[in-house]
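The chain below stands alone and is given as structure tokens, in the form predicted on its own.
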């Protein structure tokens, strides 16, 4: 069955990879991103979701699109050590990660309820398990995981499932810009991944796609770690 999915943070990385996977299966995809790209396989709206007016526009887009599922992928990293974190930075990171998620899901809820079918996937992060200089980002992603569990309980009898995917280090342009090949940052991240490699955006997209499918109808309120084993500890080798 052809369905319509909305993806935030859709112009690159995991969001763009997911859009291409869904489009290849004849689903419609609507993207929200700060910057546009010609490679997105559907309508892509340029919105800065840190802005309240943009979130109001997001709600209008969702309400007018008969959405079957929402993927909350947008996020903001403002790395800083404890002692140097401005309250305004924490507020900004929380606002970008959480406000659009709440707005989009609430706007999509009437249509999903009416058909008795819907999917929400929130993109969390391995950082929620503990990460240096990620106080704001990890807090925002932990809150998104909490959204996942609460919403799943509220919607359990409606045919709408709510789950989260927690990526480990993933080969995106942004990751490579901050951690070039051969850098200390690359080595640090690799040392925490038992598989000894980084994830690929399409591998994360595959996990998200499954949770959006009919085959995942009995899975709700869960967080799936897609991280090469990083969430379970280091290997003995």
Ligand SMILES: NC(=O)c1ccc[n+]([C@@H]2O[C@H](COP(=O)([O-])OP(=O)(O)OC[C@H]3O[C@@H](n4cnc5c(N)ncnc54)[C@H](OP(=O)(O)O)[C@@H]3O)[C@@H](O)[C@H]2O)c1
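What you see is a predicted model, and the numbers here were worked out from it, not measured in a lab. Positions refer to the first chain, counted from 1.
What comes next is about the form predicted together with this ligand, which is not displayed.
*Asks:* Any chance residue 39 has a heavy atom within 4.5 Å of this ligand in the predicted bound form?
*Replies:* Although this ligand is absent here, residue 39 would stay clear of it in the predicted bound form, with no heavy atoms inside 4.5 Å.
*Asks:* Would you check, heavy atoms only and a 4.5 Å threshold, whether residue 210 touches this ligand in the predicted bound form?
*Replies:* Residue 210: no contact with this ligand in the predicted bound form.
*Asks:* Does at least one non-hydrogen atom of residue 229 fall within 4.5 angstroms of this ligand in the predicted bound form?
*Replies:* So residue 229 does not count as contacting this ligand.
*Asks:* May I ask you to check whether residue 12 falls inside a 4.5 Å heavy atom distance of this ligand in the predicted bound form?
*Replies:* Close contact exists here: in the predicted bound form, residue 12 approaches this ligand to within 4.5 Å, heavy atoms only.
*Asks:* Please determine whether each residue of 21, 69 and 162 possesses a non-hydrogen atom within 4.5 angstroms of this ligand in the predicted bound form.
*Replies:* Heavy-atom distance to this ligand in the predicted bound form: none of the three under 4.5 Å.
*Asks:* At 4.5 Å between heavy atoms, only one of the stretches 108-116, 122-130, 147-155, 83-91 reaches this ligand in the predicted bound form; which one is it?
*Replies:* Result of the contact check: 122-130.
*Asks:* By the heavy atom within 4.5 Å rule, which residue out of 62, 205, 49, 29 makes contact with this ligand in the predicted bound form?
*Replies:* By the 4.5 Å heavy-atom cutoff, the listed residue in contact is 49.
*Asks:* May I ask you to choose, among 53, 195, 174, 187, the residue with a heavy atom within 4.5 Å of this ligand in the predicted bound form?
*Replies:* Looking at the other structure, the residue within range turns out to be 174.
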